[in-house]
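Let's start with one chain on its own, the form predicted on its own, as structure tokens.
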């Protein structure tokens, strides 16, 4: 028994080609059992258009590479079943807020690297002991569990694209930046104070710029507690002003 015919409307544009212009191109493909948008894109590239550009690595929702806007919602292509769309019509767009590489491929890596450098997203150990042979201090299991929850971010960029503040203000750090700051603020091994973190995110580009529209919370493919951590940082940053 053959499957239904899916219709894909896909954004196409190669910024490296001076003569190319943004356009929507229609493709049709027979649906198979358990098909995801990612599988469909691979079949389209293999069977119909080898020039189609999109990203993938793990195919299991772990790397975050295949994030794109599917029928108006930013999400991961590898975790989105085509059966979710009863009309069989699927529109694919690249994530907004990132540099476009081509078609559905965007440079999230460049954004994440610049964000890490701007917010200094690495552990700042307490004290000046630089002895690399010293045994690491033990960590309370409950603290380790809290940190692990925030470390589950796969840097897919979905929360950035779903954020209205980020789309209006390019300098806004977004939920991913604040999630990572919260991870180090909660880490007992980090030597930075609340005042130190305030000077990084205690402004309109940080926690006080969030409009609480829940775009990050509603669309995060890993169901991370974005709003909980933003609220936590707001309280923490506000306390430094008292």
Partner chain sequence: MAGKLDIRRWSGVLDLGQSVSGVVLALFLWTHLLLVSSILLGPEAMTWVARNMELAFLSDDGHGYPWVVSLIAIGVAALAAFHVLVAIHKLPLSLRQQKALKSQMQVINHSDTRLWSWQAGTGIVILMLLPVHLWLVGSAPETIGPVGSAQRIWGEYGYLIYLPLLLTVELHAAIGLYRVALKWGAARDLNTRARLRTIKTVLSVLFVGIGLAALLAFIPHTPV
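Positions refer to the first chain, counted from 1. Since the structure is predicted, the reported quantities are computational estimates derived from the model, not experimental observations.
The form predicted in complex with the partner chain exists for this protein as well; it is not shown, and the discussion that follows is about that form.
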Exercise. Just one of 90, 93, 121, 150 has a heavy atom within 4.5 angstroms of the partner chain in the model of the complex, so which one?
Worked result: 93
Exercise. Exactly one of 210, 66, 179, 41 has a non-hydrogen atom within 4.5 Å of the partner chain in the model of the complex; which residue is it?
Worked result: 210
Exercise. Heavy atoms within 4.5 Å of the partner chain in the model of the complex: which stretch among 73-81, 142-150, 100-108, 126-134?
Worked result: 73-81
For this session: Evaluate residue 53 for contact with the partner chain in the model of the complex, applying a 4.5 angstroms cut-off between non-hydrogen atoms, and reply yes or no.
Result: no
Exercise. Taking the shortest heavy atom distance, is residue 163 within 4.5 Å of the partner chain in the model of the complex?
Worked result: yes
Exercise. Could you tell me if residue 235 has a non-hydrogen atom within 4.5 Å of the partner chain in the model of the complex?
Worked result: yes
Problem set entry | Contact of residue 198 with the partner chain in the model of the complex (heavy atom, 4.5 Å) | yes
Problem set entry | Triplet 204, 231 and 241 all within 4.5 Å of the partner chain in the model of the complex via a heavy atom | yes
For this session: Scan 212-228 and note down the residues that get a heavy atom within 4.5 Å of the partner chain in the model of the complex; none is a fine answer too.
Result: 212, 213, 214, 215, 217, 218, 219, 227, 228
